[in-house]
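Same chain, two forms, each on its own as C-alpha cells: structure 1, then structure 2.
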Structure 1
Amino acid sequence: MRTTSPSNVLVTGAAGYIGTTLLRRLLADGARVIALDSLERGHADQLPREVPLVVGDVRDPDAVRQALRLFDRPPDACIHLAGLIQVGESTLFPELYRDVNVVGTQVVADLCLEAGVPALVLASSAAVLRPLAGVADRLDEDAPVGPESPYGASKLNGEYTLRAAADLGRMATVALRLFNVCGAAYGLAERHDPETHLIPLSLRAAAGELPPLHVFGEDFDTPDGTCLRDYVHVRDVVEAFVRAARLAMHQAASGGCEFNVVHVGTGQPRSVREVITACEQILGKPVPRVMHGRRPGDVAALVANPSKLASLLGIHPDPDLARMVRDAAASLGLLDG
C-alpha cells in the first residue's frame, strides 16, 4: 500500500471523544483538517485552535457544503464520526437515531461524491452484528449482521450507504466497526456527555465523583454472568482511521474503488467484572456498585476477530486492559494524590 497519509481531511463529529483524539493524530502528520460538529454533545474546548470549525449538523447539506468549501481543492478524505452512539438511548428514541445516523451519513456521502472527495471512512459499530451463540467466538467481517438495537440498525444502514457510494466507482469507502473504544491519548480525557461508558463510570464512581455503578445484568450466558466486550485503546482506533483513509485514497487513485469493512478490536473478551477489577487495581479503591437489570439492547458478547485489521491496515492493537484503564484514569485526573 502507498504510504502517503491524507493531507487534507474533513472530520465530522470532530469535537467528540474519538474526533478530538483523531485531530491530534492528523495534525501530527502535518495534515490540514477542517472540523464539522454540531457541538450538541461534543467538547469545543478540546478542539485544537488551529483547526477551523464549522458548527453544523451533518443532516444539513448547507453545513456540509460550507465545510467542504473551506478546502482549496477537494479534501483527500472525509472521516465521518458524527452520530449518536448510545445503544440504550436508541431504544427510547429510534427515530432520532435513524435521522441523525442514517440521514446524516447519506448527506455526507452524497456531498462528498458531489465535491469529488475520493475517500470516505465511517465510524460504524460492532452493534451491527448478530451475536453468535458461542460467547467465545470472535466475530470477523463475514459474520452475519443483525443489529439488536436501533443504534446498530442505523450504523448498518450507514454501511450500506458507503457500499452504494463505492459502487459508483468514484470514491473508495471503509466502514470501521468499532468495538469498545476506551483509554485516552494526547492529554485528552475519556469524556462523553452524558457519560454512559463502563470504564469512566467505574473510575469516577470509585473516586466518589459519581454515584455507584449500575451493573447491567449478571445473568448472561458468560463465564461470570456479566457481558463480554472487546476494549480497544483510542490511540489504536485513531490510527485505524488514518490508515483506512490512506487505503481508500490509494484505491481511488488506482481506479479500484472498493467498499471495505474492518473490525477494530483486540480479540480479547473482557467481562464487566474484569473491567471493574482493573479499575479497582489502578485506583487502589473499590468501585461502589449496585446490581441492576439488563440494559435494553445489550447482548452477551461482542468480541472482534482482529485479523483483517492487521492484514489490511497493519494494526496490531495493544490488548493491555490495565494500560487502557490507567490512561483513562490519568486523563480524568484520578491518579494524582
Structure 2
Amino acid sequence: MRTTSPSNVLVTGAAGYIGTTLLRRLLADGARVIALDSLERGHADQLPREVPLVVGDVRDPDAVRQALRLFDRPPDACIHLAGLIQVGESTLFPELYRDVNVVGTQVVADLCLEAGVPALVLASSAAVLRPLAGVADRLDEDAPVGPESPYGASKLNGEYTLRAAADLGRMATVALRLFNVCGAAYGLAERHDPETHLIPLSLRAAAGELPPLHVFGEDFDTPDGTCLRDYVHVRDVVEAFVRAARLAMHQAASGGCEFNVVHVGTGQPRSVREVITACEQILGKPVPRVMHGRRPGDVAALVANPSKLASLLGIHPDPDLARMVRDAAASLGLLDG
C-alpha cells in the first residue's frame, strides 16, 4: 500500500511492550510522536528520549487534551494501545476492565473527533472472537464474535466505539485484532508484571529466573493435547499499526471514513508443547514445568486467517517461531555471546 506515512502521531499506552516498539518504528519514518501513558504498567525508561511523554490516564479528558495540544496542528493519526490486557485479571475485576478499556476508548475517540484527528487505530484482540468447533479453522474477520472474558468484551465494545466514530463521517478507523504477540525488536523485552505470556515465562523458567512453568490442559483435541495458538512477531504487529494508520489517513483524505477490522496473525497454529520445545532448543536448557487440568474458558485453538492483513495492509507476517523465541531470549539477556 503506497500511501503517505503519518508525520504526526499520538500513541496512547506508549510505554508498554508494543508501544515502545511502535514508537521506534514511527521514528524511523521521521514521524513526530507524542506519548500518553499512565505509567501504572508501562516503563518510562524504555521510551525514546526524543518522544515527549504526557503522564496521564486515557479516562481523563484533560490528559488526552494535553497530549493533543502538544501538536501544532491535529495529528495525522492516533494509535490507541492503552488498556488492560490480562484475561484472568479481568474475571476478578470486570468493572475495572470496563472502565479502562471501554470508557478510555470512548474518551480518546471523542477527543480525537473534537480535535479533528482524521484517523484512529485501536489495538483490539482475538479475545473478542467465539472460537469455531474445528482446531483446523482459521478465523477471518467475518468469524462470529462471542467474548468469553470481560477483557474480550471490553475490546469488542472498543470496536463498537470506533465503528460509531467512523459512522459520523469525520474519522476513518481501524481495529487490529491481535493474536499472540511475541518476540522482540530494538532490544525491547516484554516486561509485564505479572508476566502471563508463554514465551518469556518459558525462557525465564529455563534460565532459573522464575519458578517452573504452569501448563494448563494436555487433553485437548489437538495433535499433542495442548492448546493451539497463533504467535506473531511484534515487529510485524507494529508494521500493521503503521500501515493501518496510513490506510485510515488515505480513506479520510478521500472522503471515505470507513471502519475496518483486520486480524493480525500468521495463520500458523503452534501448540504449547511446540513453543516450549522451541524455547528449550534456543537456550539449550529444559523448561521445568508443572502440568494442570484445563482452565475454565480455555479453547483448543485460536488461529487467524491473515488474508485481509495481506490484501488490505500488504503484510505477510514471518511465521518463524524459532526467530520469535530467539529475539525474545536475546532481549531478556538470556543468550550467550
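Basically, rigid core = biggest C-alpha set you can superpose within 1.5 Å across the two forms. Numbers follow structure 1, counted from its first residue as 1. Computed from a prediction, not measured in an experiment: that's the story for all the values here.
Trainee: Two forms of the same chain appear here; which of them is the form predicted alone?
Mentor: Structure 2, not 1.
Trainee: Please say whether, between structures 1 and 2, the C-alpha of residue 221 moves by 2 Å or more once the core is aligned.
Mentor: Yes.
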